[in-house]
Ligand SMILES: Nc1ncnc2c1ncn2[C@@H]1O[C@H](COP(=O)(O)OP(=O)(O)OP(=O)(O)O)[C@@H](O)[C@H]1O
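Before any questions on how it binds or moves, here is one chain, the form predicted on its own, in structure tokens.
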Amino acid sequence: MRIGLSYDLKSAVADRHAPDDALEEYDSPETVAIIAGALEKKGHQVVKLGGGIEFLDNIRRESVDIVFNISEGRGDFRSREAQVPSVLEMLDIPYTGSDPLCLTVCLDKVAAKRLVASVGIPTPRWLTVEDELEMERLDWQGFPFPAIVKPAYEGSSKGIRLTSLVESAPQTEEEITRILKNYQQPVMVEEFISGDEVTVGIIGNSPPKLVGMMRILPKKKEQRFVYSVEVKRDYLNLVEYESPVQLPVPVLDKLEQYSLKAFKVLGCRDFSRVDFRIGRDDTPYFLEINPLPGLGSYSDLIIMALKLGWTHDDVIGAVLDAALQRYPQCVSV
């Protein structure tokens, strides 16, 4: 097959006026090369489409059978991850991964939490702040501190810093002001669940299946660990990744149940990664879902898969195979 590869390189979207973590979601040439190489090993021809205007130019000029999409989109819109899939649907070109509606809903943390809560998946208490005027009217009486303050429409821990864990209303308002200024979007203030952080990988559709689970453990024992941008940038020194996860079987069963249920209710396709914190009562609390998880060597999904005996190429091949099951017309190409 002739497979298009859509992506956004950090170098292509650089903005010197943006926060220093603005490029966390975007990819490196190394990641693009790894994905292209894995697809070529399966006998496919890869056409690099890029992202943004470059993608628009290339997708109209090149003839491809399917697009392997890892594009995060441009701008700070909550629908940015839907940009490339929307164009592909308009042109009736098959692609890997979730559709525009799913990608938009999942990037909007509030919308995603409301949907998963509606089917009985526990999630921490939260509120959102649209602007400083709304912040000034808030009554923090009764809100469960400590809390985490984060942008409502970001991934890859963008905006989540070591200062994001707050203990009081004044601290919270300082963090809200920082995010409103730097990220130009609503802010979520979420109850902090102090237990372990666990991420769950899913690949497939009918039915979707777990790649596995991975627990993120700080090397320096902390009462309140935050998987912040600073930690992710220095993950080799600051955290250990445990997979298979050493937790009681009932907790593992709930993690699997909630992950697959979230995948279904949010309309995910082909692959996703779901993040949880484990409460003191051993309840997994849904934090967010990423229907377009990173596929670079440093990404949680790949780290988890490698620990469980997959190869990097296996993951990329499995994502493509899941998509091809939805597009039987491509298989005979």
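Note that residue numbering begins at 1 and tracks the sequence as displayed. If you're wondering where the values come from, they're calculated on a predicted model, not measured in any experiment.
As for the form predicted together with this ligand, it is not shown, yet the points below apply to it.
Asks: Since only the chain is shown here, I'm wondering whether H44 would be in contact with this ligand in the predicted complex (any heavy atom pair within 4.5 Å).
Replies: Judged by the heavy-atom cut-off of 4.5 Å, H44 is well away from this ligand in the predicted complex.
Asks: Using a 4.5 angstroms cut-off on non-hydrogen atoms, would I193 count as touching this ligand in the predicted complex?
Replies: Residue-level check for I193: yes, a contact with this ligand.
Asks: Is R269 close enough to touch this ligand in the predicted complex, meaning at least one heavy atom pair within 4.5 Å?
Replies: The answer is no: R269 has no heavy atom within 4.5 Å of this ligand.
Asks: Tell me, yes or no, whether V32 is in contact with this ligand in the predicted complex, where a contact means a heavy atom of each within 4.5 Å.
Replies: Judged by the heavy-atom cut-off of 4.5 Å, V32 is well away from this ligand in the predicted complex.
Asks: Under a 4.5 angstroms heavy atom criterion, identify the one residue in K158, R80, R215, K254 near this ligand in the predicted complex.
Replies: Checking each option against this ligand in the predicted complex, the one that comes within 4.5 Å is K158.
Asks: Which residue among L260, I176, V226, L247 has a heavy atom within 4.5 angstroms of this ligand in the predicted complex?
Replies: The residue in contact is V226.
Asks: Which single stretch, out of 143-151, 114-122, 130-138, 96-104, brings residue heavy atoms within 4.5 Å of this ligand in the predicted complex?
Replies: Every other range fails; the passing one is 143-151.
Asks: For the stretch 256-281, I need every residue with any heavy atom inside 4.5 Å of this ligand in the predicted complex, listed N to C.
Replies: In sequence order, R273, D275, R277 come within 4.5 Å of the partner.
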